[in-house]
Every structure is written in structure tokens, then in C-alpha cells.
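Next up: just one chain, as C-alpha cells, the form predicted alone.
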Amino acid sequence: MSEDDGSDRRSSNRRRFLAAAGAAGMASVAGCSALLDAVNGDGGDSDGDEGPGLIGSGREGRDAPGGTPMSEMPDLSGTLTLYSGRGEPLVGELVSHIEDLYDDFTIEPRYNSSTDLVNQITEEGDTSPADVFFSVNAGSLGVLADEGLAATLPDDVATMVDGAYRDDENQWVGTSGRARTVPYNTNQFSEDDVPSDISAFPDADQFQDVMGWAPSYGSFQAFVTAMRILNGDEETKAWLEGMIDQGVEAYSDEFTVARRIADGELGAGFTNHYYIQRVVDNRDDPPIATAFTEGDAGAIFNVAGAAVVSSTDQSELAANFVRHLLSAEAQEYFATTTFEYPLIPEVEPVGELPTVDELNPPDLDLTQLSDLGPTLELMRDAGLDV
């Protein structure tokens, strides 16, 4: 997504938003409770009285979402094979909800990593049983499209999402998003202490020996890949080495980084936005807030998304299933259950987040983020154990 007029004002608003979000807004969502419901299969059914129905218990206190409800979408009929790189604990309830809406519709999901599934589809070629590929990231969708294994989505499906979050040829479409952020402990720092330029962190004296990151985590590696693409290998390596000199502490995952910040063990870190939301949802007014950098690798916005596999003989059914992932109910599910960004403009994100069009990511083809080999080599050269 490119910058446009008014970006300075929006950027200021964006950097301020979570100074308050640590205390406000989260009471209106069931958040991790809904996620646990999803894991345990305890989600409720749609009330069906007015507007779009509910999926799970994640909408308490929120206005009814906008967008097109599933009841206004084409019916689904038959058996659809879904290769899902999104984990069953996160999307299984949504998949089951869609299946249960129709008497003559069955979904056969096969859960695995997005990378493994796209490799599997590539090996299966024209004999692949997959009708839809549901990926955790744009990179795997780009690989599928580059291999000529993604069908073109109907315009009225693809254009439900802004052009920045779908393939130029409509061969895949984003279904939810995640933003890179800089969480910080509000007892140690103020918003003004956090640079808005990712390149400033290695030289920011206030962050010596108090920052955390998760270099083995896929989203962090996508962030480094973005920096490598935008700034080149030499500058990226220097940034990594500079952060190591800053004494940044490595953790196994970004949720742990966010929790350590809320505990006061760390002053700041680098994580996706939803980990902060999960910490806030689980604690009573934790001292954590989030800032964003602007227009650089530290502000990338990656998407999960879906594509119709070209070998399917059920392209209409597959496309209409993808359409359901962009329904009001599904987008509200992503916002309130997984704390991701909904990608249709009619559904608001959770936690007083800036809306998706208020974010300020760099101009970057998201499918390039799948080029991880050179990134891992560079990270090892910089001294990281990945």
C-alpha cells in the first residue's frame, strides 16, 4: 500500500493509537477466550435474526460488522478439498461454520505448513485434489501463482479487497493481515522515545540491553527479507549487527517477547501487532503499548490469503468458498478471534488499531517475502543462530 495525501496526519494518529489501547478497547472483545473457544470447539452458532451471524463468541460489545453476509452469497454445494496452511486451532471453527451453513456441502481440510502444501500442489500438478489453497502468507501464494497453479479469481471476488492485498492478475486474494510493530513498556518509555525509522534502532542509546526479538520466527525473517529487498544486503547485515551490539535478547517466538515487555523484563521489541493485543486481552491494564515505524521494512503488512488451484474441476465452488472468507462474518472472526486485520473496509480491527488504510507500509511486492534463502544466509553471516 502506498502513501497518499494526509499520510503525515495518519501516521501521527497511528503511532499514538496503542498508547491508549493498553487500557481501552479490549474490554469489548472476547479475544483469547474466543481463540480458546475455537481451539476447544465451543463457539456458538449464528443468531440469524438480523445482519450477519456470529462465529464463536468474539463479537461482544462490537457493532455488527459491515460487508456482505454469507446469507447473501451464492450457496455452496458438493465436496471441497481445502489445503490449509493456516492452523486448525485458528481457522477450524471458521471452516466448520461455513460447512455447517449448507446441507449439501462438505469441506475436506488438510492442514500443514503453507510451504509444504504449496510444494505438495506443485508435485501433484494436474492431479492435485486441492480445490483451494489457504495460505498463512503471501509468499506461498506467490509461489503457487508463479508455478502456474493458481486460477484467476472472478473480479467480483478479488475486488472485495484493496489492490495492494491481492495479486495483480487476481490469482490470489488476501483474507486477513498482520502489521509489524514496535511494542514497548510504558513504565520505561514514552511514545516519543520510540524511533519512527527502523534504521535508527541500533544507535538509539535508550534501547541498549533492553530489547527483544525472535530471529527464528517466520514473521521476523519476512521483516529481514523486506529490509534486504528495500535496502540491500550490506545495509541489512549492518542493521542486524548493530542490534546485536545493542544487546538485543533472542526469544523463540514473538508472543514471548510481548509478554516479557509487559512483565518489565524488556523495554521494547519487534513483533507482529496481534501479540500485543493478546497480552492486553489476558491481563488487567498491562504496561505495554505499540508504535510503528513508517514506510520501511519495520512497517511491512503481510497477508494470509487464498487461491483457487488451477487443476480443480470445481472452480465456481472454489471461488465462492474464497468469497465466503471475505464475508462480514469471516472478517469479523479474523478481527476478534485471531486479532488480525480484516481486509474488507467495512469491518473494523480490534483494539483501537488504525484502520488498514491508515497504516504506512513500504511499497513492496509481498510475494517477494518468500525469498528466505538469502535472508537466512545473511542472518547467519551477521552472527544469528537460525
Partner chain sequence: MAAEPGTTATGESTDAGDEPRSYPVGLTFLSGAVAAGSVLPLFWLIETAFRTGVAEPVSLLFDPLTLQVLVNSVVLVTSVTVASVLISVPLAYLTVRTDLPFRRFWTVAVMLPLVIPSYIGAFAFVSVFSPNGEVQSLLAPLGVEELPGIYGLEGTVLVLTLYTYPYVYITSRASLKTLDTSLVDAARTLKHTRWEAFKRVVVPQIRPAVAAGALLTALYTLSDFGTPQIMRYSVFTRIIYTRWATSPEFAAVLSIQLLAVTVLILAVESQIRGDDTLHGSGGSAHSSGRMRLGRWKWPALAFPALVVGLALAVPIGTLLLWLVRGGATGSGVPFELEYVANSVDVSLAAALVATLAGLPVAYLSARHSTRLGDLFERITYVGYAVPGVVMGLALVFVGINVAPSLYLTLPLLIFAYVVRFLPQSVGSTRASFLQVNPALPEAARTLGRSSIGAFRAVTLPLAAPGLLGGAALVFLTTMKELPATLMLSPSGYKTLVTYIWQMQEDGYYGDAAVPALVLVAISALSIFVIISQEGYDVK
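Everything quoted here is computed from the prediction, not taken from an experiment. Positions refer to the first chain, counted from 1.
Here the subject shifts to the form predicted together with its partner chain, a form of this protein not shown in this document.
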**Report entry** One residue of 201, 301, 165, 251 in contact with its partner chain, assessed in the predicted complex (non-hydrogen atom, 4.5 angstroms)
**Finding:** 251
Requested in this report: Name the single residue among 156, 123, 313, 192 that comes within 4.5 Å of its partner chain in the predicted complex, judging by heavy atoms.
Outcome: 123
**Report entry** Contact label in the predicted complex: residue 119 to its partner chain, heavy atom within 4.5 Å
**Finding:** yes
Query - its partner chain contact in the predicted complex: residue 187, any heavy atom under 4.5 Å - result: no
Requested in this report: Answer for residue 207 alone: is it within 4.5 Å of its partner chain in the predicted complex, judged on heavy atom distances?
Outcome: no
Query raised in the report: Taking heavy atoms only, is residue 386 within 4.5 angstroms of its partner chain in the predicted complex?
Result: yes
Query raised in the report: Among 238-246, 133-141, 83-91, 170-178, which stretch has residues whose heavy atoms lie within 4.5 Å of its partner chain in the predicted complex?
Result: 83-91
Query raised in the report: Within 4.5 Å of its partner chain in the predicted complex, do 129, 278 and 376 each have at least one heavy atom?
Result: yes
